[in-house]
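This document opens with one chain alone, in structure tokens, the form predicted on its own.
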């Protein structure tokens, strides 16, 4: 499919506020117009400059000629009976990315992607099946959040960076996106309501630690020893568990945030009583909480245990003194696990 010619224009969200002010000054516009544009972009979540009704027509035409206001074009949208919504969105170059909105009581969480594809290629994950295509730009990351806001007609309460891709392989674009989303002058979401999930990229964890931002850190561990992890993550992208734990301890010290160990339960592979005992020891050593995730259907042989077995595994963790929650899967009917909708549309 040929890319949309309009999407070739640069996204206005790539500009800082100072750069936007400079652009307006060069075009003879008043300085306060920058605040008006910022308000439309990050408080009203518009995707067309014509919606900026308090701007002069000539300025709107100038903006249309120079920029695009939104970087995503919805190609497919699926809604589940539990309220989960999933979008497959086309980018300016014709590639596609997935975003999921998860509703739970008063909490509305958007799960965003950072890459098209993924080079880590965990065996049970659909996102990395065809490798990495490219990193997302900061505006493409931000626009996924705004897409969910448009759907809700209110600001999301939480952001989880757990969609397609390895976030710590794209810190160059993820960091400015998160900084803007947390900026009181822009989107204004509390940093404590943002969680970054990683497969355990040690240098990236250390870099996050050095920034000392109170974003939450989640580690996709999925195994309690090196032999198990070797069967899930290819050698080129796998760091030793001890190195990951040390990096997490450093992050916790610098950012004062409790890490989460994400653990996909795989039937007959990592769901034994011995696994529970080892996982509990790791979590207590790290002062981490555990998020158990029944494995989503994917490209590998792995499948989830029965829900009652998952509950027994959770109880073993609790008996061993670990804090553990069991995620209730949402969006199964719409293939809400990352990478599934894209694969179906290929």
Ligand code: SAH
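From a predicted model like this one, the values you see are computed outputs, not experimental measurements. Residue numbers count along the first chain shown, from 1.
Not on display, but discussed next: the form predicted together with ligand SAH.
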- Pick from 71-79, 137-145, 89-97, 217-225: which stretch has a heavy atom within 4.5 Å of ligand SAH in the predicted bound form? 217-225
- Are any of the heavy atoms in residue 294 no more than 4.5 Å from a heavy atom of ligand SAH in the predicted bound form? yes
- Query: Counting only non-hydrogen atoms and a 4.5 angstroms cut-off, does residue 198 reach ligand SAH in the predicted bound form?
  - Reply: yes
- Query: Is residue 259 close to ligand SAH in the predicted bound form, meaning a heavy atom pair under 4.5 Å apart or at it?
  - Reply: no
- residue 102, heavy atom within 4.5 angstroms of ligand SAH in the predicted bound form: no
- Note on the structure: From 177, 156, 276, 161: within 4.5 Å of ligand SAH in the predicted bound form by heavy atoms is 161
- One residue of 181, 110, 264, 247 in contact with ligand SAH, assessed in the predicted bound form (non-hydrogen atom, 4.5 angstroms): 264
- Restricting to 122-145, the residues within 4.5 Å of ligand SAH in the predicted bound form through any heavy atom are 124, 125
